[in-house]
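Okay, here we've got a single chain as structure tokens, the form predicted on its own, with questions on binding and movement later.
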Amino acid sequence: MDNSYSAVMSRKSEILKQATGIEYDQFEISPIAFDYEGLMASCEYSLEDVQKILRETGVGQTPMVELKNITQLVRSISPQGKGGRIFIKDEAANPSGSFKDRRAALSVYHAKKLGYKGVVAASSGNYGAAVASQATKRGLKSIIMQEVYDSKRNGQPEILEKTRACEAYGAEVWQLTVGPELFYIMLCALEDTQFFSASLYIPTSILGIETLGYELADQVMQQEGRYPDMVVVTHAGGGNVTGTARGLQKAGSHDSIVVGVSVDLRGLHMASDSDFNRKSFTTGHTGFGIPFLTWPDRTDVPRNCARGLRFMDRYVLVTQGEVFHTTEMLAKLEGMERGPAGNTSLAGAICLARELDRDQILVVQETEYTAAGKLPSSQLTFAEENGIEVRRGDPKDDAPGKVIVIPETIEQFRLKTYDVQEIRRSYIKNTVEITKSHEPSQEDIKFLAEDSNASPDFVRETVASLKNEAAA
């Protein structure tokens, strides 16, 4: 068999069909539109089914913890009557230490049900450990592919910690340098092993996270007699926001405001060899967050089920230094050593809670385990070794890839609100450009409106303005 790059890429549809068991073509409506809910329902698991499957391997039913000391601190710097109650869903209580166990548990179960002997996943973060853990529980083999190194073989401490975790759970770990070859190598592995593709973007992955949103809403209702006013979610590829929001809706928590939060790493290119080790966060940053909102189908499967723009009410950015400060604050005020990814959303919540009334409830949707390679000390030491200045001061001076400024007080925390309308325009623009030989139909307009959480009129006006710009 010809395993050249061009030959493997020409076979990718066949490889992915075999590796996922999904006939993606049957959900296609046009070059633009597809049957999203049909694809989500294609594996035929109800919420109750998923909850039962997760319980079998000890996933879910994690604690809901009120951060009373942090809430008190936030109120001390808030306007009169402001400072909502901050709760946190402690997902570090899952078997491998993060919410990723939820998406891995259902995908691995599904792989075994379909008769696969093993699973393949591409992840430099917690998902790899989750897949490895769940595969071991189900008696399947696992191969985890990680982008670990730059061309000088310098590896990020957080990713190397995840390598250790994956291997501890029995996975075979393939370590790669940063670059475009990951997808090609993954396709080769899937074709060679005939294993299941436990992609982050298949239906089972998102359905697993729905249990988190549902559980979160149910716990707040049970404890407080109401649903949360705001749910704050770390945003990267979109699965976390998508699954959580869908779960909230299934629980009946329709009025909860869903806020996505990313670390502001604008200016750094995540596929750049020179930029790769100039960031201190492997996930939950704008290098994933913005591209996946403006073009979600940039994935390892034909259609991405993680579509954050459908479900996100607001998108805000925090600095690297604010997240490091928050990590220390959570440990020293609440006795919870967690992070760093979950503390991205908590850093956002510090500011967002100041906008809420004191009787309102804000839930930070997840925590994650921490370990030596994930601690701020490891990350900041690595940053300094790569020529990045680390200092205390005002986080407004934070400069991705150059300076990490850790706030001296939480009064210095400032949210940057990213214009969701602008993201919607960018998504529609990308869609029109990528499918430029196709004239959008009324069904396409409807799909784009649903997919961007906008009105059909907004979509029509945007498409028309793009045509006028092109004509000019």
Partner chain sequence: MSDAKKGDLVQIHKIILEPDQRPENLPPSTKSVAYECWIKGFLLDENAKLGNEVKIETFIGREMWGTLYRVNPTYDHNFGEPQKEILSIGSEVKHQLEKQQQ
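What you are looking at is a predicted structure, and each value in this text was computed from that prediction instead of being measured. Residue numbers count along the first chain shown, from 1.
Same protein, other form: the form predicted in complex with its partner chain, not shown, and the subject of what follows.
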Its partner chain contact in the predicted bound form: residue 174, any heavy atom under 4.5 Å: yes
Contact test in the predicted bound form: residue 272 vs its partner chain, heavy atoms, 4.5 Å: yes
Residue 77, heavy atom within 4.5 angstroms of its partner chain in the predicted bound form: yes
Residue 211, heavy atom within 4.5 angstroms of its partner chain in the predicted bound form: no
Contacting member of 394, 355, 218, 167, with respect to its partner chain in the predicted bound form [4.5 Å, heavy atom]: 167
In the predicted bound form, the residue from 268, 351, 390, 93 that sits within 4.5 Å of its partner chain by heavy atoms: 390
In the predicted bound form, segment of 231-239, 394-402, 304-312, 376-384 with a heavy atom within 4.5 Å of its partner chain: 376-384
Residues within 4.5 Å of its partner chain in the predicted bound form, restricted to 133-162 and counted by heavy atom: 141, 142, 143, 149, 151, 153, 157, 160, 161
